[in-house]
Ligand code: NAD
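As structure tokens, one chain now follows by itself in the form predicted on its own.
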Amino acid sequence: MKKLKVTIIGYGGMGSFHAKLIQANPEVEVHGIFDISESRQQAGEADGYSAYASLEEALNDACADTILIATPNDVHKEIAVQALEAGKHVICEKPVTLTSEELSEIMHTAEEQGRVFMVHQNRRWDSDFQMVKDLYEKRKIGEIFHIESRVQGANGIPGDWRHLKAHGGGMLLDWGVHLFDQLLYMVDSPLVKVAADLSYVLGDEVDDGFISYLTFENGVTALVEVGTTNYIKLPRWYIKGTKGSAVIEDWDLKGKIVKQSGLEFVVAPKPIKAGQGLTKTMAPPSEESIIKEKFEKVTTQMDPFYTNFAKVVRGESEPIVKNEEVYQLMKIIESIFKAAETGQVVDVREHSYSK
């Protein structure tokens, strides 16, 4: 089977990371690279790849099938449209664009040119997310009604351009697009409303973190939080269901499930001393009333991203990451910014893609 030849535009941290992913996948191969930085051009050559002299040369190379965009966010749209008009399929790093309007333009161009455009929303494949998705779909702790999703660190905003608004910096665009995408992909109900607060405690012109609140039509609520000033981290996931709770602490997948035992007759919880008083409400449940389980890793049946992309190009599969889903995601991101700016809850029920 002929491999797709991929040219990487932007050979920084993500571009070089993609090169390793491509090397490990039998469906694709790196054809060449281009970066506006001479040192990154040299890094690509040191890794064994041909470096183009210009973006135009890369886009006009008839031997390449696909352009992969791993540049700062503000030039994604411009490069994507040029690549599609040059007859290339396109893979784009997230966030796909700075606005939903820019994405709509890319989608129209892809349709006009008859080419595949896919966004690398790679966190759909994360093991921790797949565990939570399996828990949600199989109702292992009953009907899930509340989800908390967090990523936290204490190193501030990374890199250089991610500090700048003009380049699409900030944590809402950097990490928010991952966490919101996971929830929209998992929860089988339209999102109804959002509220949010953005943090600027580090003094940058872009947010260094945020807290947001989501409500879905089926009643599921979610708290999504990203922080870069957290010296003590909260769990990556905390999930509440009608018959139990579950937690995943961090990327190492350490977690547990505590759920109702289902026994008909159990001993009622005994009051405990809490501070200067007693409480029965907040006392731990009796041992026979609950079951404690390890939160096990699950095996996904999803094709890897690049395998799926190659199959879509050949007409053998539907994209796992659909552009209409990403368009809705970008509309939600815009609503999060609006909610934070106005301090109001924003209705998002109209945020669907229309041609």
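Keep in mind the model is a prediction, meaning the values are calculated, not measured. One-based numbering along the sequence shown.
The discussion below concerns the form predicted in complex with the ligand, not included here.
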property	result
I36, heavy atom within 4.5 angstroms of the ligand in the predicted complex	yes
Contact flag, G176 vs the ligand in the predicted complex, heavy atom cut 4.5 Å	no
Interface membership of V75, the ligand in the predicted complex, 4.5 Å heavy atom rule	yes
Exercise: N122 in contact with the ligand in the predicted complex, heavy atom 4.5 Å	yes
Segment that reaches the ligand in the predicted complex - one of 260-268, 87-95, 237-245, 222-230, heavy atoms within 4.5 Å	87-95
Non-hydrogen atom within 4.5 angstroms of the ligand in the predicted complex for each of K5, V28 and P319	no
Partner-contacting position among Q182, S149, T71, S212 - heavy atom within 4.5 Å of the ligand in the predicted complex	T71
Contact assignment for the ligand in the predicted complex, among I79, A110, I157, I141, heavy atom within 4.5 Å	I79
Neighbours of the ligand in the predicted complex among 1-25 [non-hydrogen atom within 4.5 angstroms]	I9, G10, Y11, G12, G13, M14, G15
